[in-house]
Each structure stands twice: as structure tokens, then as C-alpha cells.
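In the block that follows, a single chain appears as C-alpha cells, in the form predicted alone.
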Amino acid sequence: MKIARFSRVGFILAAAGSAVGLGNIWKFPYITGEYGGGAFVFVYLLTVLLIGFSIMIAEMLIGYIGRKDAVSSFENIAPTHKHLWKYGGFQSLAGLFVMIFYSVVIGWIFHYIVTSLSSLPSSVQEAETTFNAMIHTDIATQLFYHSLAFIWITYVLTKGIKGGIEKMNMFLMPALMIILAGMFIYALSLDAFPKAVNFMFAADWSKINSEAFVVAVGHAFFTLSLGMGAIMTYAASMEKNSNIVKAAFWVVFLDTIIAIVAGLMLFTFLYQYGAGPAKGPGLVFISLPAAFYEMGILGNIFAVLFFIALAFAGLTSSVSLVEPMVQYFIDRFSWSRFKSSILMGLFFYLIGIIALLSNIDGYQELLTWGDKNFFDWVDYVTSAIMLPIGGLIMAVFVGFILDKRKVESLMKPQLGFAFETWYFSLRYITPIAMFVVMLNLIGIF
């Protein structure tokens, strides 16, 4: 079956949309402050260049050469043992599993868009009480917005590469950047902006240790949406004679810039209005709404715009998480796009309801094993095992399995003198880094 092709701009926006997700908005700023500010930014950018950028080029290369779903691409271009290497493409399952809880979180964001129109919590304590009540007791609200996320994502997938995915990203990605840029410009005028800059960029080298390096490697990898077949599947639809290196550069650049701009804007508001930073969901759903309340009616406007931007980031990433498995069933079993999209959507939607219920009082104990409930287990298994394995497979495949002469003939004209550095990083630095990250996340290292 012929695959529709992205335009050059469409591919960059779609791939950037895949990379720019919820983690860019709150996780990057927080871990930057926690691990030494500017010192961590330096380490992070270094890992993005040597590891994240290297894997992104490798993943794009596999998809660009293979021109099929991830499984078929590995199978088609593997020089030997094709029947074994095709299983490398099943890293696409990671994205589908991530969607089990990701869709629930997008539902929370939809809910906050609506509530921000009328009321905001007057304090951090009230915001925390409201958020906890929603995730632990309010099944109906979460189910409604989880269903809306499922409908939106599945509809876009049914429309295909050009009519759905590219069209959505051509609108949502510029809209996301405009919203963040507007809020950032306002943040520049506030007295707390220098404090936010200091929080994120003042270098504290005493906090740079082995754990900081592992965190930097892990975040550089995960924030670029690597190891789950998304970038590979999108690259299969690149125009012929596309420049893989330039495309990868723009995706990495946009991903990093959006994270930095969002972080500076976010923490300016938090410091200006006395809410203070908080980790994880607390930053977005607890501290920030309380800060917006202090702005008066302007706070309601900013809250709505911010959660719309956050929803856009989540939706563009979500479509890319499901598309690899949609394309797999189209290519391997000749399913229609509509059938494949509906069934993959129902998969994450129905199991997502179980993830949703695992946070609800009365169901939590039943859906908890060990120290994690079902929601947390899905998050943990995908981030600690499935994604690092996906990255490791791609690095080994391009670095050791593909004929170097073939790789060199395609990539040296684009990389120039940097080819050997990239190839060395892919063969030695990246596999070791991915292995260490995986050991760290599962608690061995």
C-alpha cells in the first residue's frame, strides 16, 4: 500500500509535535533547578547532542530507508536474520502502552481548561485539595474527558498522514508556540523574571553527580520521543532526498527551545505570585493555578491559554504514540486505516479506564501491586524498560548490523566531517548510556 508523504515542513512539525509533550512543560524546568541549574543545562545539552541527536538520526534513517511500519522497516533492511530483527520494530508497542495513562492526563488538562474559564483555586492548599479530589474520587469527570481525548486522537488517526496528522500539527504546533511566546513576553515584564532565570540557569556544580548525568541522559532520550517507533514511522513518510540531519536538528532545536521558554515563563509566574515550584503534576495542576488566581481576571485568561497549550502539546504527542501500531496493521495485515485507528484507539481507551480507576478510592487497593498502582506500573514499565530497550536496539542495529558503507553513503554527505563522531557515539556512547539509564530506572545502578 502506498504511504502518503509528509511535506518537508509538515514532517518537521509532526516530528516536533511528537517530541514536544507534557514533559517539556513541567519536568524539564523542575529537574534543571534540582540538579544544578545552568550546570545541568550544560550536561543536558551535551547529552542531547551526543545521545539524543544520534539516536534520532538513526531512527529517522531506519524509517527513511525502510519506507514501512517499524516492524517491516527492520525486516526489509536487515542484511541478515531478518526474521529476528523484525522484532526490533515492536518497540512501537511502547507508544501504545504510554497512551494508556497519557490519555487520562490529557483528560485532566481538558478539565482544567473548562474550570479555568470560571474559577481558580485561591491558594495552593485549595488547589491541592481540588486536584486530589478529582483524581481520587471523581470517576465521571475523568471518564468524560478521557473519552474526549480518545475521540480526538482516533479521529485524527483515521484521516491519515496528510489529512489528519500533518494538518493537525500544521495548526497546533504554531498555535502552541504563539501561546507560549505571548505568555513569555508578558513574563519578561515581571519583577520575578530574573529569579526564574537564576533558578534555571545559575550553575551549581556541586549538584552535578552521577545521578544528574543519568537524569540528563534519560530526559534527553525520553523528551525527544525516541525508542517507540514514532519518529521511525513518520520518517517512512518523508519526501525522497530529504535531509535527515537538518530535519533532526530542527526537531531537537524546537523541542529544547520550547522547554526552556515554558520553564522560564512558568517559574516567573510562580515566583511573582508566591506559589513556589513543586514537583511533577503539582507544578501544573496545583502551584500554577494558585499563581494564576493572584493575577485576577488576567489569571483566568492565562490559565485557559496555558492549559490549551498544554493540551496541544499532549495531543500532538499522543497521535505519534499510536500511529506506529496503526501503520503496522495497515502494512502487515492490509487493514483499512479506519479499522486500524479505531481498534488501536479502543485499546488505549479501555485499558486507560483501568489506569484511571487505579487512582480512585475504593478501586486503588484492588489495582495496586507492590508499591505501585496500575497507572504507575504502566508509566514505570514503559519508561524504565521498553523505551531504553528501543533506543538500544536502534543504536546497535545502525551502528553494528547495517553495512557501514551503506550508512556512510547516505549520511556522510549530510554530516560531513561529523560523520565519524556520530557513528562512534552510536556504536559506543549511546548503548552504554542507554544501558546505564535502564539499570538506574529499575533500581540496579
Ligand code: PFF
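Bear in mind that the values here come from a model prediction, so they are computed numbers and not experimental data. Numbers follow the displayed sequence, beginning with 1.
The same protein has a further form, the form predicted in complex with the named molecule, not shown here; the description that follows concerns it.
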{"item": "Partner-proximal stretch of 167 to 175, 107 to 115, 123 to 131, 222 to 230 relative to the named molecule in the model of the complex, 4.5 angstroms, heavy atom", "value": "222 to 230"}
{"item": "The named molecule contact in the model of the complex: residue 18, any heavy atom under 4.5 Å", "value": "yes"}
{"item": "4.5 Å heavy atom contact, residue 102 to the named molecule in the model of the complex", "value": "yes"}
{"item": "Residue 10, heavy atom within 4.5 angstroms of the named molecule in the model of the complex", "value": "no"}
{"item": "Residue 321, heavy atom within 4.5 angstroms of the named molecule in the model of the complex", "value": "yes"}
{"item": "Answer option from 142, 268, 317, 358, heavy atom within 4.5 Å of the named molecule in the model of the complex", "value": "317"}
